[in-house]
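The chain below stands alone and is given in structure tokens; this is the form predicted on its own.
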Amino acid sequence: MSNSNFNKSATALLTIVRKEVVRFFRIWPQTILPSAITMSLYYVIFGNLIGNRIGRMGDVPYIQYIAPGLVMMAVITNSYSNVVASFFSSKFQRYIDELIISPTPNYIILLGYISGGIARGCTVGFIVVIISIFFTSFKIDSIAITVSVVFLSSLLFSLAGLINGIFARKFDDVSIIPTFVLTPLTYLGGVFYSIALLPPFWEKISQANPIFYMINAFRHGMIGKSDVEIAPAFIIIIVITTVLFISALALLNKGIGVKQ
């Protein structure tokens, strides 16, 4: 790639990223504040009220045990919703056509949109971590693992949101996956409990849930506790992310859901 083409691609990428980041910060009462309020309520209800009755999960206080899961819930939800809403809006308002017919490579368009999802997911995740400090105390066991899992998880669900946005034909299609797939998988991913408490059949079912590995890998990084080994968890997350990236780029290259 010549320097001229590289500069043009870099400018296009930065423009898309800036647009995406400015968009969710500009409407922060809709994009950031709701997650902060919701997670605070989770800490009050499940952490303090119910957590005091449960006592400990394993050898850690219950509220400390669920904190990593609540952070990951916020990261997953916000990464996904940011990209699916933004990309579908670009289709609905027809300004995605300007990007498609421009010399901008499809991989730049892909990177631009998912960067916005990663930025929002990481921002909200950081805010929820700050909120958790007011409810429980913990020392992060591994900063490298913690940061890596947040980044990879937000990347994965940004890609998933983009694919949803590509196939969505109406506004209802944007909410179907988060409501009927994403939310159940998140709640069944071990946010509020250890799968060791489940019967063997349901324990195996939980192990087929990719979100289970993200939550437990993040819990391992934050408090050093996990229901799975960290290496297999990372492998699963990376493999799924790679598949989604290749799939999203292939869909853009073929113009599916974009070129009408």
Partner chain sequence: MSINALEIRELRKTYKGGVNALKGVSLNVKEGDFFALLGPNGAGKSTLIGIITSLVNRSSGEIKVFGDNLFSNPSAAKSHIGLVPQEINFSLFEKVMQIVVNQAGYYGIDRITATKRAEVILKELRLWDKRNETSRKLSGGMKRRLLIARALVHQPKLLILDEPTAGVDIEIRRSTWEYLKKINASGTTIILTTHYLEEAENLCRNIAIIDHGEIIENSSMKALLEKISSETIIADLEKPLKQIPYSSDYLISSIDEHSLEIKVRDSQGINDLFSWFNHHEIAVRSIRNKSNRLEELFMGMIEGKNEQ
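Predicted model only: the values in this text are computed from it and were never measured. Residue numbers count along the first chain shown, from 1.
From this point on, the text means the form predicted together with its partner chain, which you will not see here.
- With its partner chain left out of view, the stretch that reaches within 4.5 Å of it through heavy atoms in the predicted complex is, among 132-140, 96-104, 158-166, 183-191, 96-104.
- Proximity of residue 242 to its partner chain in the predicted complex falls outside the 4.5 Å heavy atom cutoff.
- Its partner chain in the predicted complex is not approached by residue 236, whose heavy atoms all lie more than 4.5 angstroms from it.
- Using a 4.5 angstroms limit between non-hydrogen atoms, residue 12 touches its partner chain in the predicted complex.
- Interface membership of residue 26, defined by any non-hydrogen atom within 4.5 Å of its partner chain in the predicted complex, is confirmed.
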